[in-house]
Structure formats: C-alpha cells, structure tokens
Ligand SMILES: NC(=O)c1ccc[n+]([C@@H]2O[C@H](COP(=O)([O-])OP(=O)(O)OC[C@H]3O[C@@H](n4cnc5c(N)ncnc54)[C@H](O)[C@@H]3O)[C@@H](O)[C@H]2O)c1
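Let's start with one chain on its own, the form predicted alone, as structure tokens.
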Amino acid sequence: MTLNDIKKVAGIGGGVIGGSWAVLFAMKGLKVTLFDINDDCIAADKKTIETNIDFLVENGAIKDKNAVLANISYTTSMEEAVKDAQFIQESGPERLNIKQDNLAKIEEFAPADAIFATSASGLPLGEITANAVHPERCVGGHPYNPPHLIPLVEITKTEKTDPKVVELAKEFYQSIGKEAVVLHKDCPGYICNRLQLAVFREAIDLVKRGVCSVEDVDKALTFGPGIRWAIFGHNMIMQLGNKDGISGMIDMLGGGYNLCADIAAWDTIPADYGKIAQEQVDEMMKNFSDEIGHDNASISKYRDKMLIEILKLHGKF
C-alpha cells in the first residue's frame, strides 16, 4: 500500500480526541467513518464535531462546513467502520483491556494491509499489541490535544512493527498537515509530555521557593521562551543565540554560572501544589480581559482562536 491508496479512514472511539481526529481527516478531504459504542455516544460525537467545525468556520480556518460534514459518517458497527478502511485511528479510553479488545475486533474485520494507529498517550504499544495477529502493521499515533488544531503527532513502534508501515504512517500524517516525529525506542510519556513536565517541574519549584507567583511564572513562559518556541525548537533557538551557533552557546553556558546545579531535581510532584496554585490561578482568570474570558470554557475558546492564528502563520490553515 502507498499513500495514494489511503482514501478511507476509520475512527474508533469518539469523544474529545476521536471526534477531533474525525474533523481533521474530513477537513483534508478524506472519507472517515467514526465508530462509537452506542447511539447516545454518537449523538454526543456529532454535537462536538459540529461545534468544532463551526468554530473553524468562524475563525476563517475552513470555508465550507457542509463539505466537511459530508465526509463524516457514523456507526455503532465495528465491521462497518473498518471493513474498507486503509488507515484506522483508534481513540478508545486509556485502558489496556479496552485497547486490546478494540484491536482484536478491528483485526477481525479490517483489510489485512490496513494500518492500525492508536492515540494512546501512556500505555506501551507493545502491551496493546501483545495479542495482535498483525503487530507488523500497528503503530502509535499520539496526538496533542486538540488533534484538529495542534499539528504534532508522536509515532511509536515495537520491534515487530514493519519499518515500511512506520514510514507510511508518517507520510500519511504529514500529508494531512501533521508534523510527525518518530520515537526510536520506548520512552514513558514520549517526547512532548516529558519536555512539558520538565518545564512544569521548574515552574512549580520557582513558586514553591517563593521566587515568583503563579501568574508571573506563566507570564514569563508565555512572553519569553513560549513565543520563540512557537517558531523554532530549543536547539534552533540556541543556534541563533550565539555567533558560533549551538556549539558556541554550549561552550558559553558551560563556562559560566552553572544554572543546572540549581534546577529542580525532585521526582514526585508536591501534593500540596494544586491547593497552592488553584487560588492564584482563579485570581489570574478573574483578572483576564473580557476578550480572553473568566472561565475554562471561554478561555479554551480564546486559546483555540489564538492557535488558529499561529497556525496560519505556519501555513497550516
């Protein structure tokens, strides 16, 4: 199978992630059949998907709502969802028995050469595919939420995964506007969650040590490295920060004050931080402008609007 052969996608499981994947596939002109376990779930999926598409239209990301909706069909039959699919994106609950059960049912009905990709964010692919009939066609396709906006997808594999399948999965994701990265070996949390948690650990530590407030640590991140990270990754930022490139930057940092000696090194998130931070976060939300909003729903909408504007600069919309 080649990239040109992938015309039909099956989405297994709706909700926030599965529904978002369905929007992305449909936006890119692919026919997608979304499977969910019952009619109530399907009804909820339809509502979520239409809300997402309306938001994209309102913000100039897409023009024809009906054309996107026409690419999505729904079913409570696993067989109907996967029987003629070339690519299958599984987004069921993050529980091993459910993932394994989904894969078993998919393999019963799907074409033998269809690619199976799971959106699993923590479960090892090797455990999900432990009983697979065709582990060679199974990959992890971990999105960043929401998948229809955030371009990143982290591809994982096992020693049984066919390298050609990994390459085709990467090619497919990139053909629909994703920025795909491939993990060479198992790593808990993959790449991005580990980077995010490392920054969060230092943010927590700065607040706990009384260096700054929750609001100021967020402001420093947003209007300092965050803006640059929206353009380039940190290695390239370091490259641009010294006339001799990243090697010169490392020499400079290594020859000066060793900040690494003072970086937080604890390995368990302090249990009291939620209580410490919540009061300050509530105050921060209260003081946001009305344009941003004052509750999770309105602030999320503002976040997604800003994401679309950033993605337009990257040529993603």
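Note that this is a predicted model, so its numbers are computed, not measured. In case it trips you up, residue 1 is the first one in the sequence shown, and so on.
The next section is about a form of this same protein that is not shown, the form predicted together with the named molecule.
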(request) Could you tell me which stretch in 214-222, 79-87, 155-163, 112-120 has residues with non-hydrogen atoms within 4.5 Å of the named molecule in the model of the complex? (result) 112-120
(message) Taking the named molecule as it sits in the model of the complex, is Ile98 in contact with it (heavy atom to heavy atom, 4.5 Å or less)?
(response) yes
(request) Please check if Gly293 has a heavy atom lying within 4.5 Å of any heavy atom of the named molecule in the model of the complex. (result) no
(message) So in the model of the complex, is the named molecule close enough to Gly92 to count as touching (4.5 Å, heavy atoms)?
(response) yes
(message) With the partner left out here, check for me: in the model of the complex, does some heavy atom of Pro135 sit within 4.5 Å of the named molecule?
(response) no
(request) Check each of Asn145, Asn131, Ser247, Asn235 and return the one that places a heavy atom within 4.5 angstroms of the named molecule in the model of the complex. (result) Asn145
(message) I need to confirm a contact call. Of Ile37, Ala265, Ala43, Ala261, which residue comes within 4.5 Å of the named molecule in the model of the complex, counting heavy atoms only?
(response) Ile37
(request) Pull the contact list for 13-30: residues with a heavy atom within 4.5 Å of the named molecule in the model of the complex, in sequence order. (result) Gly13, Gly14, Gly15, Val16, Ile17, Gly18
